[in-house]
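Given as structure tokens, the chain that follows is alone and in the form predicted on its own.
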Amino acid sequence: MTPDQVVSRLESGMTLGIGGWGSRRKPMALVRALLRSEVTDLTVVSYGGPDVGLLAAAGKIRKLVTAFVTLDSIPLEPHFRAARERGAFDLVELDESMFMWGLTAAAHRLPFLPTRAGLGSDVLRVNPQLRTVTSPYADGEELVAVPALELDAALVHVNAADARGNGQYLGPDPYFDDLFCAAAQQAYLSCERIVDTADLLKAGAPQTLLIKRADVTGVVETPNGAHFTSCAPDYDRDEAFQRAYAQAAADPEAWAAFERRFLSGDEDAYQAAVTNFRQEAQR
């Protein structure tokens, strides 16, 4: 599929999971295609980074479920910060492990899973909708019942995939992309390159085959498709571009110019503009 074909399957009002972590291995080509669409009123579920920031800046988020929204080397995503300060959308802020447990519950088609995470913290205070349960066994322990984070669709990015939807990560961390796919009714996998199935096993150990084809609806080959986030070992985060993004976000006129230069066209236009940006920086 192409990024635009993926987005044509999405509808306003959906609950959309976005894989990756902060400013690492985000499916940015798919996010950029989503920006070009009319899809809006989304509930976004993400260990957030610039995916959340861009969608917030475009006014496409109705509700955000997250554990954080960061650019890693820039601690707080600036568009997210601005959107929260003006109350642009509802926020469900969970502990990182509670978030993972919610995805796990959805992947296993369970209504919730119990955890100790959140007990004795303000997570329960700021999320009064969360409930506790008592263990039915002799310990009688009180636990937090983390509700399933059920997704209508998921978008994730990996290093390589085959045409059937088997996805492989080659960097230091799988994050939770496999859970996003398993928790979703439809999942779309973008990758740096599509290869023959046999070549997946040549490239890495069996545990790098993170995503199962049974959980994937469509595959998109998008070289540099995680830019400006990292996709190790293929490329690191583009720190110079990320700084330019964050600086532009602080000023409406600067952001309008950034959008015209980098976000007004299709993915090929974006990648060409990034190449020009790098060439200018080297002069």
Partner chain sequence: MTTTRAEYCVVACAEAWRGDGEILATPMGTVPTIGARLARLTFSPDLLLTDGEAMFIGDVPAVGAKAEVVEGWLPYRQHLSMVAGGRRHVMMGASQIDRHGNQNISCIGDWPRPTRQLLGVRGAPVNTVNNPTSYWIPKHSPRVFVAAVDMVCGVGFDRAAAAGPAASRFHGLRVVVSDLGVFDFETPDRTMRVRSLHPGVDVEQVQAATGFPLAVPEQVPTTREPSESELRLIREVIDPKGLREREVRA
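Residue numbers count along the first chain shown, from 1. Keep in mind the model is a prediction, meaning the values are calculated, not measured.
Keep in mind that the form predicted together with the partner chain is not shown, yet the notes after this line are about it.
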The stretch from 106-114, 120-128, 154-162, 190-198 that lies within 4.5 Å of the partner chain in the predicted complex, judged by heavy atoms, is 120-128
So the partner chain isn't shown here. In the predicted complex, which residue out of A67, V216, A248, V39 has a non-hydrogen atom within 4.5 Å of it? A67
Wondering, does A203 line up within 4.5 Å of the partner chain in the predicted complex on heavy atoms? no
Going by a heavy atom distance of 4.5 Å, is D95 a contact of the partner chain in the predicted complex? yes
How about L76: is it within 4.5 Å of the partner chain in the predicted complex, going by heavy atoms? yes
Using heavy atoms and a 4.5 Å limit, would one call W21 a contact residue for the partner chain in the predicted complex? yes
The partner chain in the predicted complex - contacting residues of 67-92, heavy atom within 4.5 Å: A67, F68, V69, T70, P75, L76, F80, R81, R84, E85, R86, G87, L91
